[in-house]
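As a starting point, one isolated chain is supplied in structure tokens, in the form predicted alone.
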């Protein structure tokens, strides 16, 4: 197995797996997907996106402006899809093992 992703990166990739998105929408979607457990600031988000971009897991997908400041869009790459699938499989296996010893709820 390769290097594990940070939790915030897993959620960012999960959001982008459903389609390209811009920063504010990613922040809102991560908060919704995590049931409010993860609240990203702009600095945290853009730092994570830069790390994911350097790792080849996301790419910039253009800028658009609808009368306001331009919004930079991002999308997941095929490598990002694989990394997300690997991370989900790893987490699923951990939950399965913990249930086996009575440490995880159903």
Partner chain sequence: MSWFGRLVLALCRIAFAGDVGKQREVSSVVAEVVGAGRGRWLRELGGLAALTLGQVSDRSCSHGYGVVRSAAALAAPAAFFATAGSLAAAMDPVSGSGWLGVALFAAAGVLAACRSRAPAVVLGGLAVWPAAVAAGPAIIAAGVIALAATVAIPSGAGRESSYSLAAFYLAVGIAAGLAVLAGLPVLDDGLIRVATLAVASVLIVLGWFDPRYALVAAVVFGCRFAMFDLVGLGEAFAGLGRDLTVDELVIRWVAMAAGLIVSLVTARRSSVRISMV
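Numbering follows the first chain given and starts at 1. Here the structure is a predicted model, which is why all the values come from computation and not from measurement.
Just so it is clear, the following notes concern the form predicted in complex with its partner chain, a form of the same protein that is not shown.
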**Request:** Identify whether its partner chain in the predicted bound form is within 4.5 Å of every residue in the set 15, 34 and 94, based on non-hydrogen atoms.
**Result:** no
**Asked** Closest heavy atom of residue 50 to its partner chain in the predicted bound form, within 4.5 Å or not?
**Response** yes
**Item:** 4.5 Å heavy atom contact, residue 42 to its partner chain in the predicted bound form
**Value:** yes
**Request:** May I ask you to state whether residue 69 is within 4.5 Å of its partner chain in the predicted bound form, using heavy atom distances?
**Result:** yes
**Request:** Tell me, yes or no, whether residue 61 is in contact with its partner chain in the predicted bound form, where a contact means a heavy atom of each within 4.5 Å.
**Result:** no
